[in-house]
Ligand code: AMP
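Okay, so here's just one chain, in structure tokens, the form predicted on its own.
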């Protein structure tokens, strides 16, 4: 029997999931809530989107899943996790991949998450939880002059983190928390760690878990990590900073402790766990620290890690939903991949002037060998595509090394433009590992 899969979310991450599920012979239709207009371009199977439905509109999601007889629902978006979509679907007997609201608190409540790490001896930066700006000011006044990270406690679309170099900047960043609304009413002041970032992904069915892969994200808007934090301008895999010894440490000292800790407090974790980490050099050794957890795939990391999995994605998702992950042997294709985000000029601030401008070259880029194009903020009218957001699309290049993968991604990106010269993207994605390979 052919199945329908529902994916909750609408960006590049969800586009990668559509592509992966569509490869399964068990799947004949995919519904994406809300989805985007470019999802259909990666498969001949039916992809139905619901652009007017929010990822937190539980009654509408339930109705759509019921009417389409969804055999599996993949919750890929953070607000849907916080809203408890998984809880409701599970109570209705629907197979779900995605944590409950309670387990997802690892992401949507940063103060709770830091306390969890502290209680389970998981390496993390020192932190202070603040309920008011005044508490933040008083705390900083008692601390030595150094760099700080100011974080909105709630979900802020990946943009609620402000990195500062000194206390004066930190004080201004506390004021900035107001622009995140409810998410910034409570905030954290954290020690600024100096090291190299990475992200690692594990999948769990609540009892057993498996490591999937790792990547290195590039979050700042401009080359060489300059400018505002965007949540992701591109990334590469595998990250060469993660040696076999460090991967072992990540598994035993962070991932295993996290899943075991969640079991102990009665919140078994089901779905994808994202570890946003940093490698810190301490005297003669390197140690991984947790910067943050996400309770779902990262974006744009999913666009390069999901395609690396050889497994039938429907079979994998069903095994997670049914608590049978131990029956699956994960396999990857061992390729290097680089993804570059194409954004509207002005992103992540004011890009309103770009909305409605035509995007050229997406189809031509998609026809290149070793290249995949995933949509996000793209609108389709007849056979033409228009900008409808900040992060618009993602170009994925694959190869034997990061150098080859990056060349393909940027060759494809060179075919694309936005009316009025309104396309922005970083030209240095993967630069750290390219430098490592060139200086071997």
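All values derive from a computational prediction rather than experimental measurement. Residue numbers count along the first chain shown, from 1.
Form predicted together with adenosine monophosphate (AMP): not shown, discussed below.
Give a yes or no for residue 208: in the predicted bound form, does one of its heavy atoms lie within 4.5 Å of a heavy atom belonging to adenosine monophosphate (AMP)?
No, residue 208 stays farther than 4.5 Å from adenosine monophosphate (AMP) in the predicted bound form.
Using heavy atoms and a 4.5 Å limit, would one call residue 291 a contact residue for adenosine monophosphate (AMP) in the predicted bound form?
Yes, residue 291 lies within 4.5 Å of adenosine monophosphate (AMP) in the predicted bound form.
Against adenosine monophosphate (AMP) in the predicted bound form, would residue 337 count as a contact residue? Criterion: heavy atoms within 4.5 Å.
No, residue 337 sits far enough from adenosine monophosphate (AMP) in the predicted bound form that none of its heavy atoms falls within 4.5 Å.
Indicate whether residue 348 is a 4.5 Å heavy atom neighbour of adenosine monophosphate (AMP) in the predicted bound form.
Because no heavy atom of residue 348 falls inside 4.5 Å of adenosine monophosphate (AMP) in the predicted bound form, the answer is no.
Pick from 251-259, 97-105, 355-363, 188-196: which stretch has a heavy atom within 4.5 Å of adenosine monophosphate (AMP) in the predicted bound form?
That would be stretch 188-196.
Looking at 111, 240, 278, 328, which has any heavy atom no more than 4.5 Å from adenosine monophosphate (AMP) in the predicted bound form?
It is 278.
Give me the residue from 161, 171, 79, 129 that has a heavy atom within 4.5 Å of adenosine monophosphate (AMP) in the predicted bound form.
It is 161 that has a heavy atom within 4.5 Å of the partner.
May I ask you to list the residues of 210-227 that have any heavy atom within 4.5 angstroms of adenosine monophosphate (AMP) in the predicted bound form, in sequence order?
Heavy-atom contacts to adenosine monophosphate (AMP) in the predicted bound form: only 219.
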